[in-house]
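Given next, in structure tokens, is a single chain: the form predicted alone.
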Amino acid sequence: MAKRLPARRLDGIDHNPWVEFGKLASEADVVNLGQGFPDFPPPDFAVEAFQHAVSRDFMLNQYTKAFGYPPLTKILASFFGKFLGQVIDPLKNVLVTVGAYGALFTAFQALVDVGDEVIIIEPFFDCYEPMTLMAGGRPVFVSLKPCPTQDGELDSSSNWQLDPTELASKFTSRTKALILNTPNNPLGKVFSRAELELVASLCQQHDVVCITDEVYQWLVYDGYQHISIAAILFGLGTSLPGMWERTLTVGSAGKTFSVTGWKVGWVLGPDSLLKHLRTVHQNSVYHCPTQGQAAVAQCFEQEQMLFGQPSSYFAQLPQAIQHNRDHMIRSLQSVGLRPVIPQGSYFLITDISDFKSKMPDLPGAADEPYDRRFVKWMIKNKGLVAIPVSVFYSVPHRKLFDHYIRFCFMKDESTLQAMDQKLQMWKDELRP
């Protein structure tokens, strides 16, 4: 056709790193530690819940309420109301979406207008920037920066901090929203109460909406605590509202119950914000698959009964995955990689500076960040797949952070053993 086919809102966002590195991973005999999904079975209760949903009630094959299957919106309101300190109305304060991705896209489309600025904290999950651009907004980036560590001491995601003055400088009269991700992907940082209070005070001061992506909230390690920014209160004893009034909290059943393929997500928030998301939702996907929602509702009903007990999945899962994390940290160190210890999430990043200094001229385009070239070299020569951390940064900042790569430790023991075999071969090659 002679006419321009793609809409201009797609300009510059057609490249996707998951497609590129997924293709590389499929072309070789490799251990895939790149993409973030479990390669072990979900808990038995989740599988049984889905089996019940597809076999017991034939009406679950039909449409349900557009904004969420009522038993699911009800249990989400009850369960999360306790954490957020709110009486949550299942009809007004909960929207069920096609995964957390769907929640985020709906939020950007509903609230971000042409010319609006959206503050994005780097490193960021890579969809935040294109979603901002597709809505006509302008991304404004501010980076977490690592604090110095003692010689020989591993870095921790807790050492990566925002500069309060720099963060404050990013707010302008055009700032519409700030997107927060805690625990953070790819870094694994869990934002502290003090850090959240800083963000909250600036959002309050500048009348900015906070979109908070909390899909990894149950995967927190070493005694750290996940805090939802929507639960932060202001002006006790005054008429100032808290953060609930300006926050959208995004969650994911896939990350919560290790069922990423179910694609059931949700967003919680005040009706004053959610009513606009409902408008987008009803004019796009309209409705999410009923059976998946019914299964998630049953999973939450069980967890609500067990919550706080040792038998709770939310207690057992982080203990098991922390073991995986520690296993991977030890193994990666054996070949000279320097992991940054994550406080939460599926992921850790590791410093490859030593390799960058020893073998700086890896094949690749002249302007290609070093971490991309390193990952391609590692896939081809060492049989291990990771993701370059520069894909989680804006273009101007990529070269500043191209000495890190991301690994996923949300994997089966057999996958970690296969990783160990690859690393042992690598270690043997390093011996003089």
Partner chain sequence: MFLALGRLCTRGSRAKFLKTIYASKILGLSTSAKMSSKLKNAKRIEGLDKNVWIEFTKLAADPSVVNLGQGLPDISPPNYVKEELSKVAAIDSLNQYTRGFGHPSLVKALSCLYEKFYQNRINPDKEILVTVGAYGSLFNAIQGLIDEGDEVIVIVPFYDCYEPMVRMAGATPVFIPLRAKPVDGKKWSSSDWTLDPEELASKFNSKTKAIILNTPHNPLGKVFTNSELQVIADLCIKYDTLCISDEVYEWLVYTGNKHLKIATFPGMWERTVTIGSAGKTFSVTGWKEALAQAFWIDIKRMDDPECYFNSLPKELEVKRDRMVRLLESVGLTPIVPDGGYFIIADVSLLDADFSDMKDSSEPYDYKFVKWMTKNKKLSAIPVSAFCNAETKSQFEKFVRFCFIKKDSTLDAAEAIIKAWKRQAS
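Positions refer to the first chain, counted from 1. What you are looking at is a predicted structure, and each value in this text was computed from that prediction instead of being measured.
The form predicted together with its partner chain is left out here; the points below concern that form.
In the model of the complex, the residue from D89, D113, D354, E153 that sits within 4.5 Å of its partner chain by heavy atoms: If I apply the 4.5 Å criterion carefully, the residue I get is D113.
Listed residue (V140, L198, A77, L317) with a non-hydrogen atom within 4.5 angstroms of its partner chain in the model of the complex: Exactly one listed residue reaches within 4.5 Å, namely L198.
Is there a heavy atom of G383 lying 4.5 Å or less from a heavy atom of its partner chain in the model of the complex? Flag for G383 set to no.
Can you work out whether R246 and its partner chain are in contact in the model of the complex, taking contact to mean some heavy atom pair no more than 4.5 Å apart? R246: yes, in contact with its partner chain in the model of the complex.
Partner proximity in the model of the complex: Q35 to its partner chain, non-hydrogen atom cutoff 4.5 Å: Yes, Q35 lies within 4.5 Å of its partner chain in the model of the complex.
Under a 4.5 Å heavy atom criterion, is F50 part of the interface with its partner chain in the model of the complex? Yes, F50 is a contact residue.
Verify the flagged residues I119, S390 and K427 against its partner chain in the model of the complex: is each one within 4.5 Å by a non-hydrogen atom? The answer is no: none of the three residues contacts the partner (heavy atom, 4.5 Å cut-off).
Segment that reaches its partner chain in the model of the complex - one of 298-306, 356-364, 270-278, 327-335, heavy atoms within 4.5 Å: That would be 270-278.
In sequence order, which positions of 150-177 have a non-hydrogen atom within 4.5 Å of its partner chain in the model of the complex? Result: Q161, L162, D163, P164, T165, A168, T172, S173, T175, K176.
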